[in-house]
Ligand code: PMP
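Only one chain comes next, encoded as structure tokens, the form predicted on its own.
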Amino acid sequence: MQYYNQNTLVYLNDEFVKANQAGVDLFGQSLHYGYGAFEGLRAYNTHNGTRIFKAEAHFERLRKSCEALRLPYTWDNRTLIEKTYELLEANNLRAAYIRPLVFSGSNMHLTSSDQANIMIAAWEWGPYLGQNLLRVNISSIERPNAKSFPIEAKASGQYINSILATSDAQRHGFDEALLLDQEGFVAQASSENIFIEKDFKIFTPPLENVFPGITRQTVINICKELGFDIIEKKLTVQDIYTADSAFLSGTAAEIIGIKQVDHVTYKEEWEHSIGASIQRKYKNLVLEQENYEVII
């Protein structure tokens, strides 16, 4: 897809500039080594106007990611949020995906950078994985070891792992991949967290080896609000195969159900699952629709 045209503006180091004129530092560590941090946010066209869902939480996580990577973070988050709303208005966007990126200055050494830049872009983007139920495979590619990398950081270079896993899944006819950790437990999808339903309870892996998704936490909060049991525990591949249903969560993907994992097709109709109720509640939440109906 085309993410920008000749009129699209991005926010770059305190200025709004045309995307096709922003330029790239060919000697930056971000380009050569993947040394950078990014975020993903969504703006929704609500009855209260354009609203960015959990903007404060996302920009705070960006700050913490930079801190974990020892990238300078000199910006005020409140100002960045204001500039993001200005960016949406400048590009005439009411609903959009938003991508802030912190990238380093010129440095060919394998040392922490003392310079950093920030770019914020936005474009119209539907649910990242579409709206149909997913076919997922268990990947042969593992989730990075928590002792070798700050996996709680949304770091650019780490997503090579995700690209390889997703590309391999699609080559084998699947939509997305599930990654195991170094102990063989299910961690997460390439860029989403996983939840399964079993015996009217919801289970999800603990944070030990998974990314601390903001949407993941939102799902946990929704479960508690709706009175569903939500349990964090290590999940085996067999747990995934024998679940009643399953779904993924993420800012880009939102909430999306899984139809099949490897050779196993879930028998429970998605529309009748707890996950579908959570999906409806999440949609009402991001659209700021207070009068919602949840059908079990």
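Bear in mind that the values here come from a model prediction, so they are computed numbers and not experimental data. Don't overthink the numbering: it's just position in the shown sequence, from 1.
One more form of this protein, predicted together with the named molecule, exists but is not displayed; see below.
A.B. asks: Take the pose in the predicted bound form, superimpose it on this chain at the site, and classify the pocket for the named molecule as open or blocked using 3 ligand atoms within 2.4 Å of backbone or C-beta as the minimum for blocked.
C.D. replies: In the predicted bound form, the named molecule occupies a site that, on this form, remains open once the ligand is superposed onto it.
A.B. asks: How about Ser104 - does it come within 4.5 Å of the named molecule in the predicted bound form, if we only consider non-hydrogen atoms?
C.D. replies: Outside the cut-off, so no.
A.B. asks: So in the predicted bound form, is the named molecule close enough to Gly213 to count as touching (4.5 Å, heavy atoms)?
C.D. replies: Answer yes; at least one heavy atom of Gly213 falls within 4.5 Å of the named molecule in the predicted bound form.
A.B. asks: How about Gly250 - does it come within 4.5 Å of the named molecule in the predicted bound form, if we only consider non-hydrogen atoms?
C.D. replies: Contact with the named molecule, yes.
A.B. asks: In the predicted bound form, is there a heavy atom of the named molecule that lies within 4.5 Å of any heavy atom of Glu192, even though the partner is absent here?
C.D. replies: Looking in the predicted bound form, residue contacts with the named molecule include Glu192, since a heavy atom lies within 4.5 Å.
A.B. asks: Would you kindly say which of Tyr73, Trp125, Tyr159, Tyr85 lies with a heavy atom within 4.5 Å of the named molecule in the predicted bound form?
C.D. replies: In short, Tyr159.
A.B. asks: Thinking of the named molecule in the predicted bound form, which stretch from 229-237, 56-64, 261-269, 27-35 has heavy atoms inside 4.5 Å of it?
C.D. replies: Every other range fails; the passing one is 56-64.
A.B. asks: Using a 4.5 Å cut-off on any heavy atom, which residues of 120-149 would contact the named molecule in the predicted bound form?
C.D. replies: If the 4.5 Å heavy-atom criterion is applied to the named molecule in the predicted bound form, 120-149 yields only Arg143.
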